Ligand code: DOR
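Coming up is one lone chain in C-alpha cells, specifically the form predicted alone.
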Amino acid sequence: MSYDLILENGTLVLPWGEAEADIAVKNGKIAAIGANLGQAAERFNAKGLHVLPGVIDPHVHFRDGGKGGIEGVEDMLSGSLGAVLGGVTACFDMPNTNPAGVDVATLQAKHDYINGHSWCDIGIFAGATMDNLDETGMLESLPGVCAMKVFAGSSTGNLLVADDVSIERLMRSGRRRVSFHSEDEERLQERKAEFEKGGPYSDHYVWRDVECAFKGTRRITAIAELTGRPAHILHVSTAEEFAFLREHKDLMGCEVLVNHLLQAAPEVYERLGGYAVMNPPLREKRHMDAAWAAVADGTVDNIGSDHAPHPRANKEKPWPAVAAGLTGVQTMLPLMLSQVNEGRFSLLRLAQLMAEGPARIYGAVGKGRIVAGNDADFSVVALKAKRRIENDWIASQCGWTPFDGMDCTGWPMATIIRGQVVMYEGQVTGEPMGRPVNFRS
C-alpha cells in the first residue's frame, strides 16, 4: 500500500509504553503502526527522537471571539502559532472573549472562524451566564464545543454563576462534563476590603487563600453528586483540594497547571512581581508537592497552561490593580519534558496527562493516543536536547513568558497535525491549517 506519510526510525510513545516502530499516515489518519510499512509520498526520519501523541492544551485564552482578538496582546493566529512552536497540536479556547462565547450565534461564528485563522486544531468552551442556564444542554452540543465553562468566582463581564441554586440549575441542563473555575465568590468579596489599599504582590495568595479555592471545590462536588453530573475542576492549586478530589473521582475530574507544578510562593512573587499573578494564585511549596503527588497517584487527569496573555503595562501595575494571568501554551511541553528528565514522572505519564487525558475528559474524537484510526497528530521531541526559554522566542503578541531564562532538557522538534508537518526545528511551514475539533456529544 502507498501512504501519504511514513514516520520512521523513531521511538513511539504508545498507550501501553514505548516502542521502536514506524507510523503510516493516509488521509490525515494513522493507517498502520509497525515495520516495513511500504511506500509513501513523504517520509519523516525520526531517528533519535520520541514521537508523542499530539499534545493538547485544554485551557487557553486566545482573546479572540472570531473578530481578531486584542491587538498587541493575542489573537487566535498568534496564540496557535505559539502552540505549534511549542509542540502542541490542539488547544481548547475559553469563552471570555469579545464577543463572549455564550450563545449560538457567537459560538457558531467562532467555529467558522477557525479555518484559516489557526495553526493548530481548536476546541471551543461555551460560557455559562445567568441568562443561559437552561440552554447549556443545547450549547454544549454545538459543533466544536468541548464543554461548558463556569466561572463560579473571578469572572469577567457577565460570565459569573456563583450561587448554588444557579449552579444546580445549570447542572440539570445537559449531560456532558462541566468545567469550573471554582474559587468561592462570596469569600472573595467578603475579604476584598482588607486588601483594597494594596500591598506586596504576594498578598494575592493571602487574599485568594486556600479556603477560597477549597470551599468552591467542595460546593461544586456536592452539586455534582446531587445531580449525578460529572464536573471538572480546573487549575486545582491546593493540597486540600487534591486530597478531597482523590476521594471523589467517580464524578470529579482534576486539572493542574504547569505553573502550580513549578512555581512556589513567596519566592516567585519576589522574583517576578506582577508576572507571578494569576488565578488561582501560586502558593507555598507544600501545595506544589501535593500537586506532584496527585500527578503520581492518578488524581490529576490533565495538565494545562491556562495561557492568558496581558500587555506588559497591565502586568507591571501595583497589586491589586495588576492583571491576573500568565502566558504558557508555548512553554508547556518543554518545561514538562525537563521534569521527565529530572525523574519527576515518565514520558508515558506525560503523554497520558497532556494528550490522552484532555481527549478523554472532553471527548475529543480521534485525539490523544497513537492508535490506528486516530488523527495523525504527533509531537516529535528530542528528549535530551538542551535549550533556553527566552522572551524573544515567544510568539504571543504580548512578548513575554514567566519562564524567561529557564534552561530546559527536552525540546519539541516537530509538530505534525493530521499528517501535515506544520513545525520543524523551530520553523512553521505552509499556511495555517487548523480545524475545529470534533467532540462526542
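Everything numeric in this text was worked out from a predicted model, so none of it was measured. The first residue of the shown sequence is 1; numbering continues from there.
Absent from the display: the form predicted in complex with this ligand. The rest refers to it.
Interface residue among S173, S338, S155, N132 relative to this ligand in the model of the complex, by the heavy atom within 4.5 Å criterion: S155. Among G325, G363, P311, P230, the residue placing a heavy atom within 4.5 Å of this ligand in the model of the complex is G325. Within 4.5 Å of some heavy atom of this ligand in the model of the complex lies at least one heavy atom of N279. Heavy atoms of H181 reach within 4.5 Å of this ligand in the model of the complex, making it an interface residue. In the model of the complex, at least one heavy atom of H61 sits within 4.5 Å of a heavy atom of this ligand.
Contact annotation: F151 falls within 4.5 Å of this ligand in the model of the complex, judged by heavy atom distances. Of the stretches 265 to 273, 75 to 83, 135 to 143, 317 to 325, only 317 to 325 has residues with a heavy atom within 4.5 Å of this ligand in the model of the complex.
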